[in-house]
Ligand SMILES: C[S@@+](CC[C@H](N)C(=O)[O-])C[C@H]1O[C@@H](n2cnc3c(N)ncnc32)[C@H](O)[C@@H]1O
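What follows is a single chain, given as structure tokens, in the form predicted on its own.
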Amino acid sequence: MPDQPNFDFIARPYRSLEYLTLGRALERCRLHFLPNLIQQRRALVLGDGDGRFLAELFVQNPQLVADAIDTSATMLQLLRQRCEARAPESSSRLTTCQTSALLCPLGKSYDLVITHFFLDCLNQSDLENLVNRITPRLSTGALWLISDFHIPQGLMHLPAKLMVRSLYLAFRILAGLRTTQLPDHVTPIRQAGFNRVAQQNRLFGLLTTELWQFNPAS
């Protein structure tokens, strides 16, 4: 996959780099809505990195099975190891696939989609294609959990913009990421039939975590 960024190089030090940059703020974003996900049974997990969130989800929801997709073989290896360490029985509940989210084979039906700090790696066209690709595989009432960077208005607008620009530059150098600006995920997700049912912002709006529910028009 020559056109895909390669996160293998930063996979193992990723947690340390994250903590050094923003402390545990990203981790708190990921985990904020975890208690809302204990009723789900089949999850599509895109770009969960080293698997810290999915491991906790397996512990909290012992009935869940998940398909985890990532372009990085090392990230998927760490994800599987972490999940099996936290929930030893998860080996039979987890399927991993190393490929692009735009190319991965999808299951017949999901009631949960998880994209933590993943959609910001896509350009607008790819994000819209992803939404259109996933939506037909979702059951009515399915949840989509999104955590991402956000550029707020007001006093934090310029500092947040500079921070996001710096992060894109860093990931371009370290992983070959070509995306340079945050895409708009709200518009295509709403157009696909989702309603945002909950949202939590952190670091004065620099980080957001959102819970969307799929309610297509009858």
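All values derive from a computational prediction rather than experimental measurement. Start at 1 with the first residue shown and count on from there.
Although not depicted, the form predicted in complex with the ligand is the subject of the following passage.
*Asks:* Would you kindly say which of T99, T95, N129, Q77 lies with a heavy atom within 4.5 Å of the ligand in the model of the complex?
*Replies:* Residue within 4.5 Å of the partner: T99.
*Asks:* Out of the stretches listed (58-66, 158-166, 44-52, 188-196), which one is close to the ligand in the model of the complex, meaning heavy atoms within 4.5 Å?
*Replies:* Among the candidates, contact is made by 44-52.
*Asks:* Applying a 4.5 Å heavy atom distance criterion, does C121 contact the ligand in the model of the complex?
*Replies:* Output for C121 is yes: heavy atoms within 4.5 Å of the ligand.
*Asks:* Is there a heavy atom of T71 no more than 4.5 Å from a heavy atom of the ligand in the model of the complex?
*Replies:* Contact with the ligand, yes.
*Asks:* Can you tell me if E18 lies within 4.5 angstroms of the ligand in the model of the complex, counting non-hydrogen atoms only?
*Replies:* The answer is yes: E18 has a heavy atom within 4.5 Å of the ligand.
*Asks:* Please tell me whether any heavy atom belonging to F7 falls inside 4.5 Å of a heavy atom of the ligand, as the geometry stands in the model of the complex.
*Replies:* It does: once the ligand is placed as it appears in the model of the complex, F7 has a heavy atom within 4.5 Å of it.
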